[in-house]
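A single chain, nothing else alongside it, follows as structure tokens in the form predicted on its own.
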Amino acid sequence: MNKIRVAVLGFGNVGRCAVDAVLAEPDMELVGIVEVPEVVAKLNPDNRAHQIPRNKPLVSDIGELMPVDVAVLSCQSRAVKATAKSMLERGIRTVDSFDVHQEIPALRRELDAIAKKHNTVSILSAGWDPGIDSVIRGWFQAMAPRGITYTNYGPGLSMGHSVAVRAIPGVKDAISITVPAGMGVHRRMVYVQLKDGASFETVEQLIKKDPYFVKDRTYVFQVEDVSSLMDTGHGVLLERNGVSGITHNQSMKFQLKVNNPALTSQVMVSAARATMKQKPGCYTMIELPVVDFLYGDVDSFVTRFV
């Protein structure tokens, strides 16, 4: 069996989990890890044996790892567009967990054109939300075409929101906790550790104006040490009440309680397998059959799951 050659781009919380997930897949080979030169330089060579799998290179340019079939983009959402474009232009398939929901349609169209031009494949927003939850929302609507679906996140750490806060001038470190208020309404509890001389009032205003936070009621708190608050757990409860045909009061629920980085990375790694089965273009998870994400024979899945 020719294994799928996978490179992981980014070695933060999600990247480390992605490395573990690739190594656990029987049809995949981890060819290496790519990080920006500044991060590579900061990793103490004496300690790399405790962080990097044996005989797996850590490099600052994917060109040092070629050939690569799929690049798993374990970077922040705001870096996905440029990173995916660069990989696709090299003919490398990409998967990512881009999570700025309102920007997905435009980015999908843009990456679709690039992927087709370079005869390769991109799977966009392959996380648990957007991603797995997106598929469940689609099936909810198929089961009850008329109705309302409520997506209730948390309580838990939002990685995308936390990264967005850390990028704000004056912020040394931060985490954003999502707290569900019910019926799809959320509160954002943001804890910031400021750099010396930074104005809390200015930072607070910038956070609340950020696209990640403008839709929800957001509370910002200054703390001395963000690391003491860190917990990567998260969850979601999807609820739909609707109508099947002419029958009302159809009620359905789907719930997850997860380690955020671990689940996000596993979905991306499974999506890496799915990239090998698509025609050139960019796809979201709702467009693809679940069997494309699974390792094994289609007939066996029909026997086990149907």
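All values derive from a computational prediction rather than experimental measurement. In case it trips you up, residue 1 is the first one in the sequence shown, and so on.
As for the form predicted together with a further copy of the same chain, it is not shown, yet the points below apply to it.
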| property | result |
| --- | --- |
| a further copy of the same chain in the model of the complex: contacting segment from 182-190, 211-219, 132-140, 155-163, heavy atom within 4.5 Å | 132-140 |
| All of 24, 257 and 304 with a heavy atom within 4.5 Å of a further copy of the same chain in the model of the complex | yes |
| Residue 263 within 4.5 Å of a further copy of the same chain in the model of the complex, heavy atoms | yes |
| is_contact(residue 267, a further copy of the same chain) in the model of the complex, heavy atom dist at most 4.5 Å | yes |
| Heavy atom of residue 253 within 4.5 Å of a further copy of the same chain in the model of the complex | yes |
| Distance check, residue 81 to a further copy of the same chain in the model of the complex, heavy atom within 4.5 Å | no |
| Neighbours of a further copy of the same chain in the model of the complex among 276-301 [non-hydrogen atom within 4.5 angstroms] | 284, 285, 286, 287, 288, 289, 290, 291, 293, 294, 298, 299, 301 |
